[in-house]
Ligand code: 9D3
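One chain comes next, on its own, written as C-alpha cells: the form predicted alone.
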Amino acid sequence: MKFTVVTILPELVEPALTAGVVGRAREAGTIAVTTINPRDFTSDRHRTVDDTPYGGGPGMVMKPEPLLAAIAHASTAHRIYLSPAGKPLTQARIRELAQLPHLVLVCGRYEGVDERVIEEAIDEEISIGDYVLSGGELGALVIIDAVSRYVPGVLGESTSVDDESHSASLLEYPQYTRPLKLPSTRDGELVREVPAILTSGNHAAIAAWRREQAIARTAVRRPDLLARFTPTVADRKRMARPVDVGSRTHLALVHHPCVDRTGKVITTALTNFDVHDLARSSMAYGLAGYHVVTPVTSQRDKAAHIASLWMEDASGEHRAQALRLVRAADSVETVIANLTAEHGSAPVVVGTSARADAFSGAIRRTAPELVAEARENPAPLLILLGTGWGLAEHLIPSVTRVLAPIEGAAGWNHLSVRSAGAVILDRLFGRPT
C-alpha cells in the first residue's frame, strides 16, 4: 500500500510515521509513505505557494499552479483533498480505501486551495470531523493510520479490526486486563472488579456479553450510530427491555416556579385544557403518570376535581383512563420525592424550553439520545414542561438533562405547552412511520 502526501510542511508528517504499528509497517516495507512539497514546483525565488483571494476577505489561498504540478508529480492514483467541507470519514470508507493500491493525500493550508484545483485534480474530499484545523496534515495522518490497519501484515493479529469500534456501526465493548480488582476513589466504591463473566472461561457467554455491551454502549453514547445498525435476531433479543422507558416516565406541568416575559418568577393559573390534553397525551404514549405542579391549594383541588368528574362518568371510559394518570403536587421537589418512593430510585429530571441555551448546567439530549440513555438506566424519567414564559431554571436545580428545543421549518417555535408536550412525547415514544 502506498501513500503520497502533498504538503508544504512535510516536517509535520514524517515524525508521526516513525513509531507504532505504522512506523514498523513502513520500516518493513509493508506500506510506503512519501511526501511532495508544492514549493518545489514554484518558479519565483520566494517559492510562493499562496496569494490573496479574489473578491477580498481575510487570509491567503493556495495558488493552483504549484499545487497542481505537485499532484501531477505524485500520481494519477486516487486523490483525496482533506477539507472540513468534505464528506465525513467513516470506518466503512476506510475499509474501501484500503482496497486501493495508492492514495494521494492533498493537504491545504491558509484559507484553503483554489477551487479549480479541486475541480481539476481531486477525486474525493474528506473531512475527519466538524472542526477546523490549521491544515490537512493531521487529517492525512489519520487516514494513513486507519487505512494501514487493514493492510495485511500491518497488525500482528489480523482479526483485531473485526470487533473494533465502528466495525459494524457499533462502538467496541469495554476491555479489561490485570489486576482483577482495582482500588477506587470514585462513586463511593472501595474496589472496581473485572466483570465475572470475563473470567468464567465460557467463550460463548463472553462473546454474547461483549455484543450486548457494544450495543448498550452505542445506544447511550452514539444513538446516531445505532440508528444505522442492522441487528440480528439475537441482537434484537439483547436489545429488548423488560420494562420500556415510557412506562417509567412521568410528565409534569409546572405552574411554579415559572417566569413571565420580564423574567420575574411567577405562579401561573391552571386551565381545564391543561388537565385534559396532557393527560390524554400521557395515556396515548404509555406514561406512568401526569403531574400538575402548583403551590396553590385551590388549584390542586381544581385539578383533582376535573379528573374525578371523568373518572366517575361511566360513559367516558376512554378519557377516564387518561384522567386516572393525573396527580397534583405542591412542588417539583414533592414530585421527585414521591417518584423516588414509588420506583425505589430518584428520577432523572429533564427540563424543556424553547430556548437553545436553557439549563446551561444540564446535559443536552435529543429525544433519541434521552431514550437510549434511559434504556440503560433503570431510574424513572421526570419531564418538566413550563407554563408562562418557561421554567424558572435557577429554582429547579434538580434538572440534570435538557431536551433540545422543538424546531420547525420556520424560525418561530413558541408553541402552546400542550402542543409542545404532545410533540415531545411523540419524538420520545412515538412509533416510527
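Heads up: residue numbers just count along the shown sequence, starting at 1. Since this is a predicted model, take the numbers as computed values, not measurements.
The protein also exists as the form predicted together with the ligand; that form is not presented, and the subsequent description refers to it.
K.L.:
With the ligand left out here, work out from 106-114, 288-296, 176-184, 262-270 which stretch has heavy atoms within 4.5 Å of it in the predicted complex.
P.N.:
Stretch 106-114 is the one.
K.L.:
At the 4.5 Å heavy atom threshold, is S308 in contact with the ligand in the predicted complex?
P.N.:
S308: no, not in contact with the ligand in the predicted complex.
K.L.:
Flag L171 as yes or no: does it have a non-hydrogen atom within 4.5 angstroms of any non-hydrogen atom of the ligand in the predicted complex?
P.N.:
Flag for L171 set to no.
K.L.:
Hey, in the predicted complex, is I206 touching the ligand, heavy atoms inside 4.5 Å?
P.N.:
Contact with the ligand, no.
K.L.:
Would L82 show up as a contact with the ligand in the predicted complex if we use heavy atoms at 4.5 Å?
P.N.:
Yes, contact at 4.5 Å.
K.L.:
Only one of A354, A284, I363, L133 has a non-hydrogen atom within 4.5 angstroms of the ligand in the predicted complex; which is it?
P.N.:
It is L133.
K.L.:
Of V142, I215, I126, I336, which residue is found within 4.5 angstroms of the ligand in the predicted complex when only non-hydrogen atoms are counted?
P.N.:
So the residue touching the ligand in the predicted complex, by this definition, is I126.
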